[in-house]
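The chain below stands alone and is given as structure tokens, in the form predicted alone.
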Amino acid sequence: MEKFDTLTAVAAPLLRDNIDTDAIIPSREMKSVSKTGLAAGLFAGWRYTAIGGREPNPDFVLNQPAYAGTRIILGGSNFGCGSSREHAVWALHEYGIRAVIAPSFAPIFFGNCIRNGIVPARLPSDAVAALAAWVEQDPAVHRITVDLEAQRVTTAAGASHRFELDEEPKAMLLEGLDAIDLTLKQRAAIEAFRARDRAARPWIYLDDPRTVST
């Protein structure tokens, strides 16, 4: 998984509450079971002028030249609700999104972000609205910084907002670890426990020669 430390980038305001996974990537756009080939379907219902088409809707924020290279989304409450489809996060990541800042997230979507290298930063709605208003003045210049180590969202105008994130998901994002990799950081402790347990209860280990009948 791609590591995340600090990102300063163009942020696109999409301040709609209850943006669900079908809006993020409609089911008709899920033509792959892999993590690739999904970016074109991101926000397809809003991004294009017709269902199934590819003519850009000029009114949609990601199609506007000022937001070229967007890597941060400013969203509304309950972002990522709806289905549990991980494709929604895959599509965001393939498009280039590395952070979503919103007042709240659907729990499954939040976890999917962590497991795919996207920072889900929860900030109060008034803070998100203030960031969006500042960005909209000059999106290419008014970039937002997400500092994962410090757990802060900042701007060149002096705004600074702390977001909360538990230590385990933070470590996964900082070090680029999936859940298995995170567990394997404890390999020495796991192997030491197994050695002690094997000595104490050899009968539960099928590969222990002391358990083989003759």
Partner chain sequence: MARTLFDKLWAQHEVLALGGSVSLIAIDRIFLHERTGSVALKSLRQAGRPVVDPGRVFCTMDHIVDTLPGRGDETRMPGGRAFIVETREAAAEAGIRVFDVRDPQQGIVHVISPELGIVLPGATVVCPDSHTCTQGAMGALAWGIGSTEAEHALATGTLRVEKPKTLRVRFEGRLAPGVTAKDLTLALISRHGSVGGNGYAVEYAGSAVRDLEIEARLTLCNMATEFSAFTGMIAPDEKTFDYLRGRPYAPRGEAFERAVAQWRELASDPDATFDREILIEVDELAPMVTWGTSPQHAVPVTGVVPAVQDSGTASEAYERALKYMGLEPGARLGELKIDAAFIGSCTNSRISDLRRAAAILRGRRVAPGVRAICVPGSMTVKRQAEAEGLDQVFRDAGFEWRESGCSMCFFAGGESFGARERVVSSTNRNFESRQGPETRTHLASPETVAASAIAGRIADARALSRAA
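Rigid core (definition): largest C-alpha set, two forms, superposition within 1.5 Å. Because the structure is predicted, anything quoted here is derived from the model rather than measured. Residue numbers count along the first chain shown, from 1.
The protein also exists as the form predicted in complex with its partner chain; that form is not presented, and the subsequent description refers to it.
K.L.:
Please name which of the stretches 141 to 149, 154 to 162, 22 to 30, 65 to 73 has residues with heavy atoms lying within 4.5 Å of its partner chain in the predicted bound form.
P.N.:
Of the stretches listed, the one contacting the partner is 22 to 30.
K.L.:
Test of understanding: in the predicted bound form, would Phe110 fall inside 4.5 Å of its partner chain by heavy atoms?
P.N.:
Phe110: contacts its partner chain in the predicted bound form.
K.L.:
According to a 4.5 angstroms non-hydrogen atom cut-off, is Leu174 in contact with its partner chain in the predicted bound form?
P.N.:
Result no; Leu174 lies far from its partner chain in the predicted bound form.
K.L.:
Would Thr183 sit within 4.5 Å of its partner chain in the predicted bound form, counting heavy atoms only?
P.N.:
Taking the distances in the predicted bound form, the answer for Thr183 is yes, it comes within 4.5 Å of its partner chain.
K.L.:
Answer with yes or no whether Leu206 is in contact with its partner chain in the predicted bound form, where contact means some heavy atom within 4.5 Å.
P.N.:
It does: once its partner chain is placed as it appears in the predicted bound form, Leu206 has a heavy atom within 4.5 Å of it.
K.L.:
Tell me whether Glu2, Arg98 and Ser125, taken together, all sit within 4.5 Å of its partner chain in the predicted bound form, counting heavy atoms only.
P.N.:
No: no residue has a heavy atom within 4.5 Å of the partner.
K.L.:
Scan 132 to 156 and note down the residues that get a heavy atom within 4.5 Å of its partner chain in the predicted bound form; none is a fine answer too.
P.N.:
Going through 132 to 156 in order - heavy atoms within 4.5 Å of its partner chain in the predicted bound form - there are no hits.
K.L.:
Core superposed first: is there a CA shift of 2 Å or greater at Arg16 between this form and the one not shown?
P.N.:
Superposed on the core, Arg16 moves its C-alpha less than 2 Å between this form and the one not shown.
K.L.:
By the 2 angstroms cut-off, has the C-alpha of Arg162 moved between this form and the one not shown once the rigid core is superposed?
P.N.:
No, the C-alpha moves less than 2 Å.
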